[in-house]
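In structure tokens, the next block holds one chain alone, the form predicted alone.
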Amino acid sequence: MATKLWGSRFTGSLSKLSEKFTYSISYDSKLALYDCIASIAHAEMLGAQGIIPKKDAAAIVKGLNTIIGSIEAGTFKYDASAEDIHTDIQVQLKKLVGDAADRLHTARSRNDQVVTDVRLYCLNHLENIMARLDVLQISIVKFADKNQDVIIPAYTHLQSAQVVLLAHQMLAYVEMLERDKGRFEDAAKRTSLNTLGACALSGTTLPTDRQRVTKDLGFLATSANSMDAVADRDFLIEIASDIAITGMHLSRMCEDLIIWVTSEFNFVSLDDAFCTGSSIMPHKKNPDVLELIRGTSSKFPGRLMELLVLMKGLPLTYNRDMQMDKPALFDCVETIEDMLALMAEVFSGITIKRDVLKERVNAEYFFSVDILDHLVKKGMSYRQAHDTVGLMVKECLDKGQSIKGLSLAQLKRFSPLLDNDVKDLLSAEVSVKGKKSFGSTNPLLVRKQIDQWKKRLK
């Protein structure tokens, strides 16, 4: 039976079912490195403040560094029978340094110890997530830059709407991801709070120096209220929310690409590295990776709700329910990291079917708004111009006739302001070049945006 940190109060022992149900080491072992790092800062502070002998503090630090070495080398093995990783490290430390290890838990509780470890874990992984967001943005910008002359149909209600540059749509994805990055940056500020030293809930009578620990661990601030310090899990909920939004963005990107690779659209093809075949249909090439990213993203809102429901009924301060915050957190964080890395690879392996797209953007209905704007420039009201173009398009569709095929007299029948020059507008290239507004699909503006993103992302 592994040692318990709290066992002296009890004469009996937990039932086997209770132990199985309450133990968390199978998942909180992910906190091993952060537990050692936080414990080193705590031990050094205890020694510097004269709360424990300096020689014991030095022995503790040496032993913890030995454990860190094994974690980093991949040789660290936790004891599956230990209650949690914090207990396991305490036991392993005592084997290394003897009785000095018994002084480590002075002026702290598992309540503040655990949440400090989790904050360190989150800060490390938030850096990873933001770095991978950068990599994905760079991959998309490179793809946009490489294909900046390609024009594609754009959609509302999944119905053909107008034409835009492919690069313009790609930069829409980059904007989404930039907002995601901003949310994670904000979350990191609120996560970067030192809670170590709050103890169980009320602080300690011992002369600790919490600001020293804050500085040593690289936190931005020290928690100002010991009760809130051990009870707060807002930062986890915020991170899970940010991950849910990012996952939603990745899912939308995947949906676009999944549609584009269908034989009905046939705009692009994916590298074989991201597709699988059919067990019965030899011709199939299925975008399984994209579908799984789209599907996996559905877990994030569920995990977010799990955390919200977990916390909503808890009285201050710590409750054992909070042990269950970690499976949801670890699952969300590590899954989104993998998804971001995969998406960056996907964009580097997309091939554009230029001939198909060139044919698809020739349909005259794409340019109805350009004709409408043309009439507005000639002095017609927007409402009247909308009605005029609508009638013209309807009649052409009903009769199977093209606008280009209309004679001058036929054009004039719809409006005296219409001349043959309107036919010059019936071109995808002319349509995108004609856009003037900031943020539009005008090639010069898109080129400028690409250059700005390349400089920004380096």
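All figures in this text were calculated on a predicted structure; none of them were measured in a lab. Heads up: residue numbers just count along the shown sequence, starting at 1.
We do not show the form predicted together with a small molecule, though everything after this point is about it.
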Heavy atom of D232 within 4.5 Å of the small molecule in the predicted complex: no
Should R110 be classed as touching the small molecule in the predicted complex when contacts are defined as heavy atoms within 4.5 Å? yes
Whether Y318 contacts the small molecule in the predicted complex should be assessed with a 4.5 Å heavy atom distance threshold; does it? yes
My question is simply whether A100 lines the interface with the small molecule in the predicted complex - judged by any non-hydrogen atom within 4.5 Å. no
In the predicted complex, which of 185-193, 358-366, 306-314, 110-118 comes within 4.5 Å of the small molecule (heavy atoms)? 110-118
Give me the residue from Q323, S269, S348, N147 that has a heavy atom within 4.5 Å of the small molecule in the predicted complex. Q323
